[in-house]
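Just the one chain here, laid out as structure tokens, in the form predicted on its own.
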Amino acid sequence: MADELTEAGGRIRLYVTADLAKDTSVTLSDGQGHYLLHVMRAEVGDCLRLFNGRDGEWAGEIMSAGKRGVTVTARARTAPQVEVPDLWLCFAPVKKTPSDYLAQKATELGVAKLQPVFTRRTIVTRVNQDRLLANVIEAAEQSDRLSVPEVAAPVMLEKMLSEWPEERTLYFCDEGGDACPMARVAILAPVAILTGPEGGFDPAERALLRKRSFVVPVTLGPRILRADTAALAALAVWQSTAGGWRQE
């Protein structure tokens, strides 16, 4: 039954916040209902997949669609909950389209938390958290991920460092040229990756970072990477050398 439901509903996958269990009914948001009925042309009786980041993935059946919204009943669990490695991405916000792209791809690459960080050379002055959250939810739905990354409120670099949990290693992607290649120092532990703005970190920020005991300066190769490229490259290197890509 579960396999049949999964196969039938495989093209539609939605993130919900409600608890999921056998025969539990979930009322979808207005936006999800519109997407199902008017974009995907789904009907009562059609199947889809649901996940909430806690209870695994469930095959569900559309039970009703009307003025009161779309209701889906969970029928069978199709996958147990699996957590991603405890990996954060701390990044200086970049212009809107690259930030959207960065949020989507970081979600696909298995990041657990996105932390926007304002630096002295950051051009962007405002971060739309709702937009970032919408992007990570969509990416989680499309990538078969079972959780949605946390999207934290923006913070100044100095404040972030002053409040940092010292048991978490912070890999500082440094363009200084004297840092170790990230692949050599990547470890499987609570970690975070920090990437800078389009203009890079200024000298005072680099000095401040290098004074912290929990900071490990790393390099991503011989070339200067764009801010969004550097973030995704760093995530890929860590996942392939220490993280989730090495796990069976």
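The numbering used is simple: start at 1 and walk along the sequence shown. Here the structure is a predicted model, which means the values were calculated and not measured.
The following text describes the form predicted together with a further copy of the same chain, which does not appear among the structures shown.
Colleague: Can Val237 be called a contact residue for a further copy of the same chain in the model of the complex at 4.5 Å between heavy atoms?
Modeller: Result yes; Val237 sits at the interface with a further copy of the same chain in the model of the complex.
Colleague: Should Thr219 be classed as touching a further copy of the same chain in the model of the complex when contacts are defined as heavy atoms within 4.5 Å?
Modeller: Contact check for Thr219: yes, within 4.5 Å of a further copy of the same chain in the model of the complex.
Colleague: Give a yes/no on whether Ala183 approaches a further copy of the same chain to within 4.5 Å in the model of the complex, heavy atoms considered.
Modeller: Although a further copy of the same chain is absent here, Ala183 would touch it in the model of the complex, with heavy atoms inside 4.5 Å.
Colleague: Determine whether any heavy atom of Cys173 comes within 4.5 Å of a heavy atom of a further copy of the same chain in the model of the complex, and answer yes or no.
Modeller: No, Cys173 sits far enough from a further copy of the same chain in the model of the complex that none of its heavy atoms falls within 4.5 Å.
Colleague: Among 183-191, 203-211, 66-74, 25-33, which stretch has residues whose heavy atoms lie within 4.5 Å of a further copy of the same chain in the model of the complex?
Modeller: Answer to the contact question: 183-191.
Colleague: Considering Thr169, Gln129, Gln81, Gln104, which brings a non-hydrogen atom within 4.5 Å of a further copy of the same chain in the model of the complex?
Modeller: Spelling it out, the residue with a heavy atom inside the cut-off is Gln104.
Colleague: Along 202-239, which positions have a non-hydrogen atom within 4.5 Å of a further copy of the same chain in the model of the complex?
Modeller: In sequence order, Thr219, Leu220, Gly221, Pro222, Arg223, Ile224, Leu225, Arg226, Asp228, Thr229, Leu232, Ala233, Ala236, Val237, Gln239 come within 4.5 Å of the partner.
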